[in-house]
Ligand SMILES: NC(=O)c1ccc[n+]([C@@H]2O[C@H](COP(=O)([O-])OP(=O)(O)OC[C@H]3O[C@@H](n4cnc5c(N)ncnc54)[C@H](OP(=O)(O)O)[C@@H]3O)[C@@H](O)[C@H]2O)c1
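Here we start with a single chain on its own, the form predicted alone, put down as structure tokens.
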Amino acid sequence: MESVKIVLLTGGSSGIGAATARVLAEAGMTVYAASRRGTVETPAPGIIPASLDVNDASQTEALVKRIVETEGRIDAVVCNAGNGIYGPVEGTTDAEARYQFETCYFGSLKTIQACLPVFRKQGFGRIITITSVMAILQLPFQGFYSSAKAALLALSESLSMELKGSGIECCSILPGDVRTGFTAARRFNAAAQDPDSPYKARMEKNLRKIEKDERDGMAPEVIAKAIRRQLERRHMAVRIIPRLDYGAVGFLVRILPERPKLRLLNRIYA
């Protein structure tokens, strides 16, 4: 078994990304922590900050080329860059919906596509996508975030079948609520800011609930350690939901009929 030594990590400047960079570096890996800012929260040996807009395929290809020229290889890519847009489906513009998909889905796709030729030439590579429990547990007023994460999950699992026998493996990590700057950075679409919206009262209740859950959520290191465990395994799992309680939620989602499940979620969140 080849060990993972060189990792490209997107969204590496803060939150889950910064925690992942630290945890992987502490495990002896060299981590290229890429982000638009090109900085990391806590500089440390083994962490190399890199500027990258994952929406720009040419930037991604250039960074992959730079890493290969410097290190001789890339063993793994962790697609963590993402964003969030909040609001009702009704009234959401095409531009607002595309904003959500551009980074979360297409940014990850471009990153994976830039790394695949390197992995195939090596005969080895690990691809980890950071999706969300909301990929399988849809919530009101976050339909576009859920949709983008569900699309990324489907992409990863389809790709894992396509790559069978190549030495390249895929794993999706589905975090639940995590304490990061994501809460403060959430973008609201125009429909969510309409004072006359028919959804106004329900959105206010919903937002209080999800922001409380996020503030009380798990530390980003929980996700970082789950990523490290997968990279260190002989074979990665296809799908991981870190922490027992969120894993139980994932199990219930699979066995509950859709109508009672949606009724329950609507009662809790809207």
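Because the structure is a prediction, the values reported are computed rather than measured. Numbering starts at 1 and follows the sequence shown.
Quick note: we don't show the form predicted in complex with the ligand, though the next part is all about it.
Proximity to the ligand in the model of the complex, taken as a non-hydrogen atom within 4.5 angstroms, holds for one residue of Thr92, Thr180, Ser146, Ser156, which is Thr180. When you look in the model of the complex, the only residue of Glu61, Asp53, Glu26, Glu232 with a non-hydrogen atom within 4.5 Å of the ligand is Asp53. Heavy atoms of Glu211 never reach within 4.5 Å of the ligand in the model of the complex, leaving it off the interface. The closest heavy atom approach of Arg36 to the ligand in the model of the complex falls within 4.5 Å. In the model of the complex, the ligand lies farther than 4.5 Å from every heavy atom of Gly125. Not displayed here, the ligand is kept clear of Ala191 by more than 4.5 Å at the level of heavy atoms in the model of the complex. Between 198 to 206, 237 to 245, 53 to 61, 224 to 232, the stretch whose residues reach within 4.5 angstroms of the ligand in the model of the complex through a non-hydrogen atom is 53 to 61.
For the partner-free chain shown, Gly11, Gly12, Ser13, Ser14, Gly15, Ile16, Gly17 of 4 to 26 come within 4.5 angstroms of the ligand in the model of the complex, judged by any non-hydrogen atom.
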